[in-house]
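Look below for two forms of one protein chain, each set out as structure tokens: first structure 1, then structure 2.
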Structure 1
Amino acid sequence: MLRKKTKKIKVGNIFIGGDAPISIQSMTNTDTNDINKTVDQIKELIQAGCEIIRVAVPNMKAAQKLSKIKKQINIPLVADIHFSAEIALEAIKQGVDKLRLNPGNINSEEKIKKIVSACQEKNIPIRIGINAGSLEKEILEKHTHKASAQAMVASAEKHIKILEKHHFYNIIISLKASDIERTVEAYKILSKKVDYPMHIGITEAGTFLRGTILSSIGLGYLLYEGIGDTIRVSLTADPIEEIKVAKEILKALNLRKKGITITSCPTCGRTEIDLIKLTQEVENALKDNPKNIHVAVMGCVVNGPGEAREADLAIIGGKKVGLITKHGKIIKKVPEKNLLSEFLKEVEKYEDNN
């Protein structure tokens, strides 16, 4: 994978674009006015691996709470704002690290200038967030009233020009639809035209299963093509699940190495241990382990030895027993009832640089 070189933008204490790692972000689903609940959820998301957090700012009251939220977290805080320049200006005053808005829905050149000036003063970037479901009427009219990929790109270009007119280039862009085809096409078209960093995602992707599938295919394709500098997996689920899925997408593409990678077989009639239960237990036990190691949990000797050679540590199932291997070499033969505990001991002892 040859990643497209984009402009490097500073967001709080991290960078998006350029040679910066692809960052993982999510959005709270709490009432932003409730500072304690919002901060508690953000801290849970940070523990899960979230690196940038966005909060909805629907009114001035919520905007005025942002500094109190920011003081209690250690990752960049993004304010999600629509229509109101006044709320945007208050969010900037409160010290947010990035704005998500569409300059086109501010509807006042003078107000846009004020937002741009305030962002320039504090070096705050703006994400132009284009959604297929909320394109401008004039854009839709020019594209036969269809929210096509071309219409999404036209909307993004319009908003980019508004900011660039005021000499503002601290820009990140997203172009999201609820289906893979339009989303991928829009990003591919615009990526050839601009070098601004891309925030990628499939919007309104659905519940956990469907949303995970759509996001994995769509984001996986874009990332494989070198497009994408930060990602958000949108799920109708606990935001923690968004972080888990995003991490696995990046790990599957070998774009991020933090955390344990687990290979496991799908089971078949040859399996003589409870492999499904064992694999789930291994996954649960290691989900927060920061070690960069590859483990395999295999059900029998058909593919087990081959996968074990490629893994740092592995279990190969037998008849109510299992072999534990390290770099393909057998180190223990263990009764099934002790497999989990003995395997976790080996993980604990394992050093990343072995």
Structure 2
Amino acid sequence: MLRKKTKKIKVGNIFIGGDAPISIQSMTNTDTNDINKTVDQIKELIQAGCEIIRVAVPNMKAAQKLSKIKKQINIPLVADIHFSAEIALEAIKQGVDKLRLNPGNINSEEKIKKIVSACQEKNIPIRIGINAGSLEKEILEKHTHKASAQAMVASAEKHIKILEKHHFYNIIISLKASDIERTVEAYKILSKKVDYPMHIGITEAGTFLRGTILSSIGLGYLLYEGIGDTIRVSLTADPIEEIKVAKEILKALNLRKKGITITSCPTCGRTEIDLIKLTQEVENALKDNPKNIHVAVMGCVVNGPGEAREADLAIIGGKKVGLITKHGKIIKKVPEKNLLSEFLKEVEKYEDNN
């Protein structure tokens, strides 16, 4: 898992690409015209772990509210703009930290020049956001009317060329399809051709479970291959869930170490304690613990001791009793009913000593 070295690009008070940590982003689903509702949702998302926030800017009225939103938050604000140069220019004026804009959608060379100049002046990057569902007609025609990975890459290259022609290189790129294969393929192809940072995501991934699985496979595959500098999990669900899933994806690949890692076994016919309940209790009790500890909750002595050896602290369940181990060594044997409280004491002690 060797991360591809991309260009490091400043976005407000953070960076995307290069050696910057892979950042998590989401998008509000409030009406951007409603400043209070939008700011409230952004604050909730920040609380959950969101590091970059994008808002839809469907009209000029919404664009004119962006500075008021930005003033009340402490993470980069991205304006999502589709066809209007005027809205883009207003968003830049309002002080947003990044635009999501496909320059090919602006049908005047003059206007593109204006947007690029305004971005250059304020050092604001532009994300080119390719979406398989909205490729240009001429690109589709060249690719037998199929929104293939190759067509997505061709579209991205077209937009990149427009910006580069104006000597603008402050670019981030995304290539999203609603399925894993095209998405992965498109990022793989373009990653070999350019070194702009990649915003990765599967678009329209679906409801919570399906979307989580699609995003985990797709983003997981790309990250494992070293592709991806910022991630968006798209779910038809509360955006808070997107952040939770994104954090777990990064943790699962050891790309983010903050917090407790809990290894726990599936239940089976050998389990003699209430493992599901106990594991959930351990998880709940430790969910906001900021220390980097690996904890294991194991149901029986078959795989228990081996896994416990790899964990900092572990519970190994037996018959109405449990062992607590530290780096694989048994330090306590306690009745099931005291297992949680005794274990949490050990977690607390562990932090004190380390």
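Basically, rigid core = biggest C-alpha set you can superpose within 1.5 Å across the two forms. Every residue number counts along structure 1's sequence, beginning with 1. This structure is a prediction, so every number in the text was calculated from the model and none was measured.
Asks: Pick the form predicted on its own out of these two and give me its number.
Replies: Structure 1, not 2.
Asks: Taking 2 Å as the cut-off, check whether the CA of K43 shifts that much or more between structures 1 and 2 after a rigid core fit.
Replies: Comparing the forms between structures 1 and 2, which are aligned on their rigid core, K43 does not shift its C-alpha by 2 Å or more.
Asks: Honestly, after the rigid core fit, is P58 moving at least 2 Å at Cα between structures 1 and 2?
Replies: Comparing the forms between structures 1 and 2, which are aligned on their rigid core, P58 does not shift its C-alpha by 2 Å or more.
Asks: Quick one: core overlaid, is V78 moving 2 Å or more at the Cα between structures 1 and 2?
Replies: No.
Asks: Relative to the superposed core, report the C-alpha shift of K345 between structures 1 and 2 in angstrom.
Replies: The alpha-carbon displacement, core-superposed, is 4.7 Å.
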